[in-house]
Structures are given as structure tokens and as C-alpha cells.
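First, one chain by itself: the form predicted on its own, in C-alpha cells.
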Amino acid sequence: MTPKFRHSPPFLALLIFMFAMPSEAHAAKISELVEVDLGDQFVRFFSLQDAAIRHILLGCLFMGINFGLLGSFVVVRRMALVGDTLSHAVLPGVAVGFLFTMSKEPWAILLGATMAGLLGAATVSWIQRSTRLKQDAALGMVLASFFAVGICLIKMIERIPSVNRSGLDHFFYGQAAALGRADLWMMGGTAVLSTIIVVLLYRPLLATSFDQVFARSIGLPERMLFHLLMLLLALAIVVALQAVGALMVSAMLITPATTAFLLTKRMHVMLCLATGLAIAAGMLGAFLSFVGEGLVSHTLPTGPSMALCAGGFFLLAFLFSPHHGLVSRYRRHLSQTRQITVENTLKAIYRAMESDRFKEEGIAVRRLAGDARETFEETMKRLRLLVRDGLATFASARGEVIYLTPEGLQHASRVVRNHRLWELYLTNEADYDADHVHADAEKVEHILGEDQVMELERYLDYPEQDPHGKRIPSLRDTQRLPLRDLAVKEEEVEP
């Protein structure tokens, strides 16, 4: 069964690629290709008048597809450092590919860099199998050593006379505006290949990513799928070096996928989100690079601009993600704290009414303050929350007596019911002493759902009293039972 992809981005991209293939351009930054004011730059970018802009946007599209799909599996496999290691390990292969042809031939560099990346991945596996070192230590050593070899080889090439070394240093930081036709063909080809493999092998990749033991138990070739993923990852990194450089490619690989991870719990949605975020970060980074001189009076490098945009998307998700966002969690914490305060206050009012056998509908605020050992103002602050939620009313503007509304009495009965049922459960089933169950029941009473409470009540055979001899409100008591009925029931259980 394949993931829920109804439209494959690479095929749309290939249609664009066929009629919009621009001529080759050579510049370190997009904004260096034309000299216009800020308004003209906006118009020229969005109208796609310049061939270089169409060029870079196609590159961003293909790169986003590669990094969105593959980066998602890297993140869920907890292999983020592997992507960073491969992006640095391919640098010696770039130098070797250049030495092989003595020119910046894309296919030679692709082959050399891919072989170097696979050699780096194999070296990490060999170190793990033959030593006691963990994966992080092996990755760190391979990253540093391979990158150092690559730098040394590139410095050696720079000293070779009569060799065209133009653009070789751009593999460090990227040169997005100088993507050639061969670069785009390679990026488009790897994007199509990645999409086809992910669609066809989605379920095996999913199983091996989340539970390798289960995958092996059902006969999936876990090692083969891992090596296939590493091969695709190496290819994706190599073809993106020209656009973002070895130092930034890991950011574009990992950051969109981690952002998508914060936004969803379903893998196929994560793949789509990560792809869209990677494409958006690439195109937005290209836009900022193009108009950068008009905005900040300085040209912005395209590769770092893309990485910054991806980081900006992650920051937004980190703050505002519905499930994992910092702001969302803080709001849930405030809501939960308020709920606990409200329910504890309702419980205190219920107990005060219970001690009077429900003969009085109103409870003096000063009495509640004395029972809670707090000031009158502190108690009033909590009671105002009940009034604001429609759970209670004050007898007068001075707020000396509080009355529960029918909804408030219903809610209070529910909280007390949860508390006392859990106390009885701990006493009967967990051998808690009756004097030591209150604290645990205080924590659990706020999170028990109605289904759980009903199941607990059936398990305890519908008890009427808690371990302390107090009456346990029944289900009907929590359904707006008149106060006079509670008073009658209270008298019935009194000895």
C-alpha cells in the first residue's frame, strides 16, 4: 500500500523543466545578475523574467523534494547527524572528481562525491561493528577526518598551474545562481528517483524506521533498505552542494523535516509537510537573496538565506505548534492550572455544604477562607473564577455568601465522585492505608474521564461510601440533581 500522495511534485516539476530551462548563469548571488531598485527587483522576481530566477526556483523545487522526503526518514530514524556527516564526507569525492577530469564536470563530481559519501557511511558502520564506540562518536570522527581530507585536496588543486579551478570553492558555501543545466538534470533526476522509491517502498521504509526488530521478524530486508536510503541521501546531498554548499546542506536536510515532525503525528503528512517546507524555505531564501541589496544594502548569500528561512519556519513551529509548541503548551498549562483551581474550589464548597447536610444552599466566604487557611481576598479570587464560568453566584455585591448554580453543583458532585472512588480503589486494590490516599486522589480526580469513572464504579460494585465513611455521589448526582435530594441521601447514609 502506498502513502496518500495524489500529486507527485517531481512530475509537475519536469513539465516546468521542459519549457522553462534557462540558460546558464555564473554569479555568486542572484542579486548580482541584475542591477535594479527594490521595486523592480520584486517585479522581476515574481514575474520570472530572468532566466537565473527560473533556474534557481527549479533547483529549489527539486532540492525540496529530495530533502523533504529523505530528511523525514532521517529524522524519525534519529539519524540527523548522519546527514551532517555525509554532507562533509562527500567533499573529498568532489576534489577527486575534479582531479579525474581536471575540470568542473558535473557527472564526474557527482560520481566521486557519491562514492565518498557511501565510503563515509560504510566507515561509520565498520567503526561501530569493530569497536566499542557508539554511533555519535563514529560519526564525529568520520565527519572531521573526511572534511579535513577534502579541504587538503582542494588546497592542493588550487596550486596546480594551468587548471581552471573556477567555482570549486563554491562547494563549501554554495552558488545557487550558477546552477547549470547539468546540475538541474541531476537534481530533477534524483528528485524523481527519490519520489518513486519512497512511494513504492513506503511501508517497508516505515516499518524499518520505527521498529527494526518487527521489520526483521516479518522478513523485510532491513539492511538493504538502510543502504538504499543512504545511497539516495548521498545522491541528494551531492546534487545540492552547488546550490547550498557542504556547510549548509545538512540544515536544509534536517530542519524542514524536524519542523514537520512538530506539526503532525502521521508519517505521510510529515513527508508532504517537510517537502513543502523545504521548497518554501529554498524559494524564500532565493527571494531574500535577490532583493537583499535593496533591503539591507548588501547582497545576501543564497545558501545561508535558505537555511535561515528553514530555521525561521522551525522557530514558528517550535513556538506555535498545536501539540508541541512552547506557546501552546504554556496555554494548556495555564488552562489545566485554572481547571484544577476551579475544581478544588468546587470541592471545598461541596464539602462545606455536605457538613451542613445540604440544608443550606449558600456558604459564607469567610468560612471557606478559614477552612483553606487563606485570606479572604485569596478565597474571593478563586470564587470569582466560578462566577465567571457560570458555576456560582454571590448573594450580594459584597460577596459574603457564595451559591452554586445547578451546573456548579453538578460539576462539584463529579469531582467529589472521582476523588472518593479513587480513594476507595487505592484502599481496596492497592492496599493503601485510608489515611494516605488523599494526596494521590487529589492528583487523579482532575484527569479521570467519565468512561473511566463508570468503569471504576462497576469494578468496585457501585459503592456508596468512601474509606472514610463519606457518601460517594452517584452518576445521577452529577446530572443536576436537586439539592434537597442530596440532603435526603445524606441523611440515609448517616448511622
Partner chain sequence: MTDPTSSSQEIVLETHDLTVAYDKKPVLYGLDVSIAPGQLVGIMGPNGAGKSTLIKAIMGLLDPSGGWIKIFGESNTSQRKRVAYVPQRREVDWDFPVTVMDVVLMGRYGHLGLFRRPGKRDRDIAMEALEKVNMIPYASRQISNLSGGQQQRVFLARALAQESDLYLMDEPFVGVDAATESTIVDLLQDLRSQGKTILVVHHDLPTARQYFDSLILLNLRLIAYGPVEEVFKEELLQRAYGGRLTILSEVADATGEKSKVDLSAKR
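Positions refer to the first chain, counted from 1. Computed from a prediction, not measured in an experiment: that's the story for all the values here.
As for the form predicted in complex with the partner chain, it is not shown, yet the points below apply to it.
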query: Interface segment, criterion being heavy atoms within 4.5 Å of the partner chain in the model of the complex, picked from 239-247, 217-225, 375-383, 181-189; finding: 217-225
query: Every residue of Leu201, Pro204 and Tyr425 near the partner chain in the model of the complex, heavy atom within 4.5 Å; finding: yes
query: Partner contact for Ala317 in the model of the complex: the partner chain, 4.5 angstroms, heavy atom; finding: no
query: Contact label in the model of the complex: Asp451 to the partner chain, heavy atom within 4.5 Å; finding: no
query: Contact of Ser209 with the partner chain in the model of the complex (heavy atom, 4.5 Å); finding: yes
query: Proximity of Ala137 to the partner chain in the model of the complex, heavy atoms at 4.5 Å; finding: no
query: Contact assignment for the partner chain in the model of the complex, among Arg78, Arg366, Arg388, Arg332, heavy atom within 4.5 Å; finding: Arg78
query: Among the candidates His323, Arg357, Lys265, Arg159, the residue which, in the model of the complex, approaches the partner chain to within 4.5 Å (heavy atoms); finding: Lys265
query: Residues of 439-476 having any heavy atom within 4.5 Å of the partner chain in the model of the complex, listed in sequence order; finding: Gln452, Glu455, Leu456, Tyr459
